[in-house]
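Next up is one chain by itself, shown in structure tokens, the form predicted on its own.
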């Protein structure tokens, strides 16, 4: 077990004043069998009245409205989380598992992913994906393969890039790795979900995958090709990145926007 300190700071500046802002923030770590939130603090500017709640995926959220004219919006969430408490999470809601078995949104496969999937299936033994393996072992072999074949490269994709489009490019960032792996796991009949979070040594948020085997969720990080133990903090889960988007809002006015995110995660 480790205790990690986190500091998630985001600021959006507007080129012209906004008269109103409705926001939802999903940046509070989840309590589970593998991690426990010991404490956290929220600071949001400009001043406003906000509420906290949980969405349909079990993700914690903060939501509210800024009703006065303002030229920027910012929030900072800090806290401490105990991680590495276990190797996997039990299924919280059996009725939710079905939604992680099928294509959705940014994880819908098309020609390029189908070609890659067919290649994997044709060369299963060579790639270490044996038909008699457990879903967990298959997923680990798949993670190694994606890490080998896909290239990490910034500024070639964005939050709207699909797994199919990222596969065509052959490169992308952690969101793209997670979407591609989620898509392929589901094609292999392995329930998989997208995870948004943070990890030590990162200057931004991070993304990875959880796969289901034997009634347990196991976390795998295809970007770094590792089985997650005590270096990551989970913020939210969903069918794809849109379900656990950390910041979402609606503005009246504001003009163009510039967003800056800075994340610190370190062992205490």
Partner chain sequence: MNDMDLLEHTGVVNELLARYGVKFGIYKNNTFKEQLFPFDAIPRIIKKKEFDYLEKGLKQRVVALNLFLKDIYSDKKIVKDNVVPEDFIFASSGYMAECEGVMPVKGIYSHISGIDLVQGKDKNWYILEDNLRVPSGASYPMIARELCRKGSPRTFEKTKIEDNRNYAKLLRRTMDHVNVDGGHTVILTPGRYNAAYFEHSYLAEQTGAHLVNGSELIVENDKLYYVKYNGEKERVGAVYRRISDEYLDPMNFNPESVIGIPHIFDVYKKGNVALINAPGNGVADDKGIYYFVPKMIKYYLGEEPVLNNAPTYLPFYEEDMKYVLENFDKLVLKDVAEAGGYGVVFGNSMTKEQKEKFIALLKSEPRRFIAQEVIDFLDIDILEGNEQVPRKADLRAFVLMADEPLVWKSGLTRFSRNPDSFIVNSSQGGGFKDTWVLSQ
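Positions refer to the first chain, counted from 1. From a predicted model like this one, the values you see are computed outputs, not experimental measurements.
Unshown form predicted in complex with its partner chain; subsequent notes refer to it.
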Q.
Tell me which stretch of 224 to 232, 196 to 204, 31 to 39, 44 to 52 has a heavy atom within 4.5 angstroms of its partner chain in the model of the complex.
A. 44 to 52
Q: Report yes if any heavy atom of residue 95 sits within 4.5 Å of a heavy atom of its partner chain in the model of the complex; otherwise report no.
A: yes
Q. Closest heavy atom of residue 152 to its partner chain in the model of the complex, within 4.5 Å or not?
A. no
(Q) Quick check on residue 254: any heavy atom within 4.5 Å of its partner chain in the model of the complex? (A) no
Q) Do residue 67 and its partner chain come within 4.5 Å of each other in the model of the complex, heavy atoms counted? A) yes
Q.
Considering non-hydrogen atoms and a 4.5 Å limit, which listed residue (169, 91, 99, 124) is close to its partner chain in the model of the complex?
A. 99
Q.
Heavy atom within 4.5 Å of its partner chain in the model of the complex: which residues of 103 to 137 meet that condition, in order?
A. 104
